[in-house]
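Okay, here we've got a single chain as structure tokens, the form predicted on its own, with questions on binding and movement later.
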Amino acid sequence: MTETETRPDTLNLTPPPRILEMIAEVDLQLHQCLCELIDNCLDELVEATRVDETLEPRIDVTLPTAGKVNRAAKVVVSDNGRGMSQEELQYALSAGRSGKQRFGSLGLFGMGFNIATARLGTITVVRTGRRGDDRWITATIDLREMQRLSSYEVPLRYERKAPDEHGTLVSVTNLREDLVAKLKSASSIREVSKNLGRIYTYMLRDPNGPHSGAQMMGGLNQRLYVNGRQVTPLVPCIWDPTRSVMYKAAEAPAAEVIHVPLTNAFACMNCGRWYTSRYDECVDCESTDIQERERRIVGWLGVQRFADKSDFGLTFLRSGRAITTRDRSLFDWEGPDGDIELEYPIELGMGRIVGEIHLDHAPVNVRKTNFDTSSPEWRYMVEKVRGDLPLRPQLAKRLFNRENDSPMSRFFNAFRENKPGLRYLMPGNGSTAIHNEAKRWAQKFRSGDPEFQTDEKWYEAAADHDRVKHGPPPEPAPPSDEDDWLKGEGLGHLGTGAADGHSPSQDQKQPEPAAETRPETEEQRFARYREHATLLPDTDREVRLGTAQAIFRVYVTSGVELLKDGQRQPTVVRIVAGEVEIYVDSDTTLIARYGWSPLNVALVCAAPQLKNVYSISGSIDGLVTSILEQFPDRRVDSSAVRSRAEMLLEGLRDRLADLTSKDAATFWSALSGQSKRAAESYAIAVAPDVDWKAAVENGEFARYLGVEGVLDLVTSGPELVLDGGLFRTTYAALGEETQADQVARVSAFLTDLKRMVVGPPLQNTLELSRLLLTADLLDAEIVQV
């Protein structure tokens, strides 16, 4: 018998009955259809690169463009994997019978190929070949022809190929009308690439890339192209794992690895059922293909470099493919009565906790759009990553007498607030958080701008916020007598300034002979200003000035005099080559005495010069307003004020509950009758089953106090809450009149807080700004846990 005579002319693709019940529920979008084909490619390429480390894996997707698409156009997906034999090809194309198994690969049911290609068009051609073979094997699946003939037999062709050629190509034509209509949109191919970058972010990203957290997040560095353009993975924009904040006197890292090892178990590779011990036959599907497999929960949790109302949450993956993204179900807490309560985010609805959790052993639905959240595997993950107690520590202690110690709870408590500065790793401008600017930087991160790959830009903005708001760090202490003694003992390196690598002996060097004094150039003068300046982070950007587009920067200086014509100025302006630099003296009266923001001072003082240089018509007021409108983070509205106040009150209640638990009767007796009744009413409203008598006895009543109740404690029992109790304010060591001043000062803050929490919405910008300033001052008074 010759080689040609052994080659069959047909394949039998008769599907099993299982396909009939599953295919009816499937409705895939274009990118989901492509994912089913790409899954098969990735399964093959991941395995192929393990066998052959020299292989450069590549997947190509070719879609007809908007101007050329019609029903005769082709959708093509190809890879340079190892290809298939004739037997492997038959298994791959037979619905419900492919070599894909429930675990260990992206293809799950052996049906994805058939469903996806049928959703794209009615004629599918598959060409495959292995290294060393002398021919391509090509199968043509024509669904209309198969239906007409009532036959599942499909024709095969054999075409010559070079022995070193290998791989698989799937081509679909006679496209469906809805797909043609979809591809007529000019943005459809861009949307497909974006979706693929989101779904395959782990498979495509480089674990050794330049972005912060690259090695911790990992990746497989596969290559996927759509119409010749490489798909960019949607890489999470997180803080570097080496960054941290302090929480409960310990460092809380901004990102950490999740690794929960599980005991091996036995899985039915046909239907997915797990067994704790080996079975010869699955009790559900009677399959004998039961294998022992490794199980584990791995991934990471982290803090995003920006807060957003929708762009945050967790990604859950199976075999490297994202099944759900921006999932926030772990931020919910299900109470004993079954009610679901959202615990995060709590500030302006803007969150930044993100993460990726790999659950290769957990079941997913047929469309791979969600995990089976009722399965034991999913629920166990929730227990380990999120815990079964409230994330809020005080609520957990009140209801269960212990705190949630899960990884998610630690992140929630360390980073739940979005206050600007290094305390919470949030960029700011000296006044407020710069959410819009931080998101604009994140867009540059995702576009691959090398300047924005690490978190340095965001970190500097958080540090600059603290510098602008609190001033520069204190100068090193001058050398002391002790330094002289240390130097005499040969221990000068332990003296003042040694911690910064600054040797005291250097200060004692004889000064160099004075050089000839030359007039300072303008370049040198502004360089000197910059040496004593902090750049307002949200001002380093393009700003429209009339018809011009200029780079706009505002620097806040300290310890240097700004001069013009020999006279000290509050601001000086430098305009060179389309770049506007405004330097603002932090000691100027408007800032030091009247609380103006540096940006406002810069704009008001520089506006006449800008108006003249850029030939801007209209009023000075109009110019300042037009510039301010380009800084959305600088806007002040009533919702921001209310949210800030509610956060402050919640923090006061948490801290106060720690105090009242130690001496509940004394604190309770310091409250007015009105505050007691208000607390009880509020408790009944938010916790109908509360044991109010017990709450009064054990101090839990503090969690329901209004601002009026806190005010009662300050005025009736200042010794209970001042001197580091609830507020840092010094009290006991002062004279009687000064004590009264201290009580009045804190009371004034709390009166404003009450106005913010329960008063009608405010529209007056000046009053909103004043209340936010009060919130800052009150926040600084509260003892941090």
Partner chain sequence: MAALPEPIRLEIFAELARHFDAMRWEEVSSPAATEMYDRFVKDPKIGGRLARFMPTEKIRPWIKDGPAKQYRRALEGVGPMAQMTTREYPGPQSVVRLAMGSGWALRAQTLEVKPMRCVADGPDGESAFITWGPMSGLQGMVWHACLRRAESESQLITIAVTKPNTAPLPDDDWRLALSLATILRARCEQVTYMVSRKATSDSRTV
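Since we're looking at a predicted model, the values are computed, not measured. Positions refer to the first chain, counted from 1.
As for the form predicted together with its partner chain, it is not shown, yet the points below apply to it.
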item: is_contact(residue 80, its partner chain) in the predicted bound form, heavy atom dist at most 4.5 Å; value: yes
item: Any non-hydrogen atom of residue 162 within 4.5 angstroms of its partner chain in the predicted bound form; value: yes
item: Any non-hydrogen atom of residue 166 within 4.5 angstroms of its partner chain in the predicted bound form; value: yes
item: Exercise: residue 376 in contact with its partner chain in the predicted bound form, heavy atom 4.5 Å; value: no
item: Listed range touching its partner chain, judged in the predicted bound form by heavy atoms within 4.5 Å, from 746 to 754, 53 to 61, 28 to 36, 724 to 732; value: 53 to 61
item: Residue (of 207, 578, 448, 595) lying close to its partner chain in the predicted bound form, criterion heavy atoms within 4.5 Å; value: 448
item: Residue (of 91, 158, 152, 225) lying close to its partner chain in the predicted bound form, criterion heavy atoms within 4.5 Å; value: 225
